[in-house]
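One chain follows as structure tokens, the form predicted on its own.
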């Protein structure tokens, strides 16, 4: 985990707005549409697209509690965005686990299963949804053993310590599942949810797109690269898939 004192924009830029080819929706490219940019929407203004999907379809209550605590810790409410749950990241992760990505439709799952190197990517005999479930169970078991509480009930400092140790590869779950693999997937889906199209449940009210000045799905950047290459901030009312339906 990044230093909690770091600004959100520094964290996101350092992460490179991570995307993964196996996920249902990757972070959109930083492009802009050719029309003159619209005025920045007033704070609290209703989004152009319809409301994000509500309610869980896959995660169990204990898993929901973990995911909500995780996304709120990684994306706390501040001057840039609401909290991770308010942005819809928990729902995005739930939908991803319930869908074809979660079922491993794009993964080869026939084995043999050998320990791979870091540059070989995902090498576990688990679908992403299974890794999420086992990672959550393993995380809560570790937290109870270490602090006497499940992850969602930990103080912020202990959550930070746990996530940093998970990211550093210091924690191994039952069955030989590397904690680092779970953290990599969890962090990846948080970033994807923050910058996905709202139709997938995350990026509610398009706050992620507004934060970085991304205009949405109907985008063409050629002219605005010339127009805004002097460092002037590009502001636009973004459009999502639902706006073109």
Partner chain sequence: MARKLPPVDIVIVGMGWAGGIMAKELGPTGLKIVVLERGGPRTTQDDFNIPQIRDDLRFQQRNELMMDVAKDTLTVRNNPSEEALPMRRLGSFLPGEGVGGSGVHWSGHNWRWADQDLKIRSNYEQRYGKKYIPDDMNLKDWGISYAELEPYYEKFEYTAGISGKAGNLNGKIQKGGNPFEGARKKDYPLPPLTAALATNMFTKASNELGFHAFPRPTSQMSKPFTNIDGQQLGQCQYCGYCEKFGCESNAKGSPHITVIPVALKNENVDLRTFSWVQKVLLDSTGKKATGVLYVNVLTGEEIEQPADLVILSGFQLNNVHLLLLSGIGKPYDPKTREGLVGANYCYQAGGGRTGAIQLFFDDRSFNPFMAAGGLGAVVDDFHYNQDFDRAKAGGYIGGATIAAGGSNARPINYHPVPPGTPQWGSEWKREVAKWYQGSVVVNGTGSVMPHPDNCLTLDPTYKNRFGQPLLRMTFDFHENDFKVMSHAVDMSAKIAKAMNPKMMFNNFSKAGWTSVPYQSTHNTGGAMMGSDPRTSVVNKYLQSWDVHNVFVTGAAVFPHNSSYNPTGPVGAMAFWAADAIKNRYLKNPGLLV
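Given the structure is predicted, the values throughout are model-derived calculations rather than measurements. Numbering follows the first chain given and starts at 1.
What comes next is about the form predicted together with its partner chain, which is not displayed.
Proximity to its partner chain in the predicted complex, defined as a heavy atom within 4.5 Å, holds among 133, 81, 85, 150 only for 81. Among heavy atoms of residue 158, none comes within 4.5 Å of its partner chain in the predicted complex. Shown alone here, residue 66 lies farther than 4.5 Å from its partner chain in the predicted complex, counting heavy atoms only. Although the partner is absent from this view, residue 179 stays clear of its partner chain in the predicted complex, with no non-hydrogen atom inside 4.5 angstroms. Contact check for residue 217: a non-hydrogen atom falls within 4.5 Å of its partner chain in the predicted complex. Using a 4.5 Å heavy atom cutoff, 106, 163 and 187 all lie near its partner chain in the predicted complex.
If you take 185 to 213 and check each residue for a heavy atom within 4.5 Å of its partner chain in the predicted complex, you get 187, 188, 191, 192, 194, 195, 196, 200, 209, 211, 212, 213, in sequence order.
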